[in-house]
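The chain below stands alone and is given as structure tokens, in the form predicted on its own.
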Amino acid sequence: MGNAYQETMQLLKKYKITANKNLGQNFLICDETIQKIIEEADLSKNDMVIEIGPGLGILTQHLVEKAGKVLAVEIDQRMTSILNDRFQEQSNLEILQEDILKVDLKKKIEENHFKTVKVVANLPYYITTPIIMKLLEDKLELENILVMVQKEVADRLTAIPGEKATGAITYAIYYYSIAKKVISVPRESFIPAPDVTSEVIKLNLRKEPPIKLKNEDILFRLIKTAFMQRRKTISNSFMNSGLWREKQELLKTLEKVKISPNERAENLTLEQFASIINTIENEKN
């Protein structure tokens, strides 16, 4: 076993703790994966890193060596105590015991004045989607998000809308970023081992969305509604969005954009969804 395994075991023994299942804690012990994450993060002293879920700080120690500043956000008070103990001499590390969903990251970024800001996260799987969506929807000044997720979710996040693995979140990820897979991580790379294979993915944030859109809010409202009933045709699932009063109005919109009412939402591209929204908005004027 490598350094990460030995260090993790020593820390667990020293502080007499175990992983908290309720918080979805799985400690990464694979040196190869850690090295790949650090390489992919491509850090310099001009960078600020927001690390979500640092846990025992195995990855944190590499981040503080490379980055200008690391903001480590950890919800578990036991872990923040360990981090404070381990890194008390580290001047470029700020440890915040808080739920990441409640942190004003925009304010934190503004306070620190770094050229680029990157996110590195080994997220609890039960809360992966809300955290990623918060980072994107808050329109933070981020360069990229490097995150560990379960493989099934990675497939969905990195798909091109309309492909087989498409889910509602696929469109949002594609709208805000260019996603790629970095490395597959087997179960044995963690203590305790999770039930699933994991994957590290990287989201490079776009400067501009890939489509011209008149109303972002109703785009994602329509997509979300459609995927709640993904097995229905769009002529049925779209009606629950409240964007059309009568089915005939919906059918007219679909005719204008040349999309069959018998299609299913998962087969539509982001451009097709955008054309529907833009047509609705044009009809209001």
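Remember, it's a predicted structure, so these values are computed and weren't measured experimentally. Residue numbers run from 1 along the displayed sequence.
Not on display, but discussed next: the form predicted together with a small molecule.
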{"property": "Which of 104-112, 206-214, 174-182, 67-75 sits within 4.5 Å of the small molecule in the predicted complex, heavy atom basis", "result": "67-75"}
{"property": "Heavy atom within 4.5 Å of the small molecule in the predicted complex - residue from D99, E188, D85, D138", "result": "D99"}
{"property": "Contact of G24 with the small molecule in the predicted complex (heavy atom, 4.5 Å)", "result": "yes"}
{"property": "In the predicted complex, L28 touching the small molecule (heavy atom, 4.5 Å)", "result": "yes"}
{"property": "The small molecule contact at I127 in the predicted complex, heavy atom, 4.5 Å", "result": "yes"}
{"property": "In the predicted complex, L123 touching the small molecule (heavy atom, 4.5 Å)", "result": "yes"}
